[in-house]
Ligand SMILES: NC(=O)c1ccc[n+]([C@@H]2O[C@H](COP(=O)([O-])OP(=O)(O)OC[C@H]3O[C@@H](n4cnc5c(N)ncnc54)[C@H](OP(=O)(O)O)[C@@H]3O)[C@@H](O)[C@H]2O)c1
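Quick heads-up: it's one chain on its own, the form predicted on its own, in structure tokens.
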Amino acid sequence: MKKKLKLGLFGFGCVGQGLYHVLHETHGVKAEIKKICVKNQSKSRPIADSFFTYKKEDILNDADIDVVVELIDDANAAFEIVKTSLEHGKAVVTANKKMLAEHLEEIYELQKKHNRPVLYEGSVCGSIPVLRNLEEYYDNDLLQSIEGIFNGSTNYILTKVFEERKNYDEALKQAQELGFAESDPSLDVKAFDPKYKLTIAILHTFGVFVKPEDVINIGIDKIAEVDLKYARENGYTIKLIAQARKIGDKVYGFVAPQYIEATNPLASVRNEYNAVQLEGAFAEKQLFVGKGAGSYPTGSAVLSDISALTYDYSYEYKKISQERQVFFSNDALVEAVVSFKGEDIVTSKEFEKFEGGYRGNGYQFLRGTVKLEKLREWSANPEVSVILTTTSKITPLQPVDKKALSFA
């Protein structure tokens, strides 16, 4: 039965204000914000001062508050808020993908120990209802892969670069002015943000806990003008793609830029929009598209979690119990194009299968099949740009154990 909840909110930035507005615009969610904890006492805010406190204990120790909504940008402090809230018998809603990715297994155990839920739909792809669909709609489908555009900031930048011929710095500045990218954009453009989201999605897709440091992330910050020229000449665009695939008893996942053909549905996903494509044995391919950046899209996802708590909803993590033992691995091959200035920064001998290369405009281009760990090594070099080919697929280094296949 639906019940009215009292909320304690940590943080009143972009997402917090978005939540406040969508909560007061809708009439279907029975919840009210009792107290908001913020850090900066001198900052002017658009609602009454009586809502605010500067002591976390005013929320954590308030027996009248049912749900703690955590929306701050400090991952370590956020985890302590989540942990303490559960210990005090409060449900939690959060959108902090870095905190979640770094503490997923511990948060899973804390939920079981204290019998209180943690919901975090807003942490993965903004307004797209990914996690609840994975938990409910796809609970019995044999999912084979999840991939897509998991970061609205980089997608906005790449859209402006291709459609308006802006240079990278101009597009980044515009994304920052619109609030899609932070003043320090490294989490986005170096692909840490989509890596955290992929780490969370892998758990709900395949039932596997993955440490974020094990997931390779290659950003868009080293894409050169010659890479853009190559894409335009061949009728491609470039997207930052997060992807994970289950093959046998292994799950392979990483984030990297990829050349995308115009016929690929991801090519038409523009600006701050995200896209998630799921492939299952029964439902086959399905594509979800929605805004992934901005206060209202994420605020609406947080509100959906609050609404779910009025019905005592919690994640069941069904894939953990359904799947036989599955492991995360980087022992796989992909196909990539590597570009760089100068001589012998990368050589053809470093590819598992070298398919060719050429020189132009002072750059070298090399194409071939390469180990994922080699991509990690190359991407650490500030002089090297790595972009997957349009036909790149994850291929295990070791033969697949047919007995471990969940669908044949």
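When you see a residue number, it is the position in the sequence shown, counting from 1. All values derive from a computational prediction rather than experimental measurement.
The following text describes the form predicted in complex with the ligand, which does not appear among the structures shown.
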property	result
The single option of L375, V29, I33, C37 touching the ligand in the model of the complex, heavy atom within 4.5 Å	C37
Position in contact with the ligand when the complex is considered in the model of the complex, options I247, A171, A77, A275, heavy atoms within 4.5 Å	A77
Location of the ligand contact in the model of the complex, chosen stretch of 310-318, 89-97, 326-334, 249-257 [non-hydrogen atom, 4.5 Å]	89-97
The ligand in the model of the complex: contacted by all of P129, P194 and V269, heavy atom 4.5 Å	no
G148 within 4.5 Å of the ligand in the model of the complex, heavy atoms	no
Interface membership of L104, the ligand in the model of the complex, 4.5 Å heavy atom rule	no
Partner contact for I72 in the model of the complex: the ligand, 4.5 angstroms, heavy atom	yes
Partner contact for K43 in the model of the complex: the ligand, 4.5 angstroms, heavy atom	yes
Residues from 195-219 in contact with the ligand (non-hydrogen atom within 4.5 Å) in the model of the complex	none
